[in-house]
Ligand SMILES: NC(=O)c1ccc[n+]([C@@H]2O[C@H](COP(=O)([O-])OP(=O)(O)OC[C@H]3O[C@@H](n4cnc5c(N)ncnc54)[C@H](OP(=O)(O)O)[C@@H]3O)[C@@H](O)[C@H]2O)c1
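So this first bit is one chain, no partners, the form predicted on its own, shown in structure tokens.
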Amino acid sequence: MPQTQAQTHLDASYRDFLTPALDLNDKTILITGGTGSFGKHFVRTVIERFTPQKLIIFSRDELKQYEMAQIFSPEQYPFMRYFIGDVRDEDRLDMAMRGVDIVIHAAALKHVPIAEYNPFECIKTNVMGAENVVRAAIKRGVKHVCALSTDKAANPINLYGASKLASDKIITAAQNMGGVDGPTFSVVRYGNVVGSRGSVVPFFKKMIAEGADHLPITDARMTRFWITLTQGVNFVLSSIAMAKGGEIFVPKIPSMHTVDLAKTLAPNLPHKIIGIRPGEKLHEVMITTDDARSTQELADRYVILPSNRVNLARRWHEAGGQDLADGFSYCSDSNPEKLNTAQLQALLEESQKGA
């Protein structure tokens, strides 16, 4: 079985997830929630590597679209399109997906406390929105739909995680709805993105810049997985290229104690333990023990398969996938690949490229 050991240098531990390559030249791609951190980095990546026929940003915030269009203007990049719309609106999705080859579904309500306080709104966007994406994609003959998920969908303890678990189930089950000629559906699940909006890194950096006399730590035992935006985009592209239909792809990435992260960013600042917030986990889980029974391991990722599709498991075995040991789970505390200070600094530097 492939094993990953902790490395000491970025060039040894940093996976680029570039294989297999996906050709987006002359393709029409639509990104829901495309004005977020992932969407912006995805657009930058596509512009650097490909010449698509169209690259459609689908989101509901006109200000964010206006600001994004100042960076990626249709005048400079004629393939850029900006659609105001909400994934809650199936008719608008149906219109936007005309002629689309690939849909990347990144739209979601992601803030845990806000989702707890506004549960109906969370469900409308994250669950019903996923259903609308599936219906529109099947109706319009989209070739592939890849939905972005979260570690919080594995064994969820808050509404956001539960809604994303439901979304994942909708997307993977959609493979049975589209028929032989329907879209290929897949899900990508990964943890914290270094430097993305809402992550702890920019939060700590802001506090340091403002002269904070300490950094708040929820729990000294807390661990988290870490991935860069570049890795995330590459992982999505390579997962689309290898998907057979109905899979959840999980990258092999390193993890780190939050305390060590704080020490790396500000070695001389003391810490104040403030306690875990409601709905927050001590450690991240990306593959539960139950899911592991239907998961295949590859060199750089895990592939969670629908348990009711035996033929799909056979195809992944033929492609080099290996079964996991009984009792396996993929958690940030037991992950054998741990980030040290030098590796984290290298990841932070990497995350600033093109930011």
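Please read these numbers as outputs of a predicted model, since none were measured by experiment. Just count from 1 along the sequence shown to find any residue number.
Omitted from view is the form predicted in complex with the named molecule, to which the following refers.
- Interface membership of Val250, defined by any non-hydrogen atom within 4.5 Å of the named molecule in the predicted complex, is ruled out.
- Shown alone here, Gly85 lies within 4.5 Å of the named molecule in the predicted complex, counting heavy atoms only.
- Taking the partner from elsewhere, Phe58 is found to have a heavy atom lying within 4.5 Å of the named molecule in the predicted complex.
- With a 4.5 Å cutoff on heavy atoms, Leu148 counts as touching the named molecule in the predicted complex.
- Residues within 4.5 angstroms of the named molecule in the predicted complex, judged by any non-hydrogen atom, belong to 27-35 and to none of the other stretches in 27-35, 311-319, 43-51, 324-332.
- Proximity to the named molecule in the predicted complex holds for all of Lys64, Tyr160 and Gly191, with the criterion being a heavy atom within 4.5 Å.
- Contact with the named molecule in the predicted complex, defined as a heavy atom within 4.5 Å, holds for exactly one of His144, Lys110, Arg224, Lys281, namely Lys110.
- Residue in contact with the named molecule in the predicted complex (any heavy atom within 4.5 Å), chosen from Thr184, Asn118, Thr218, Ser196: Ser196.
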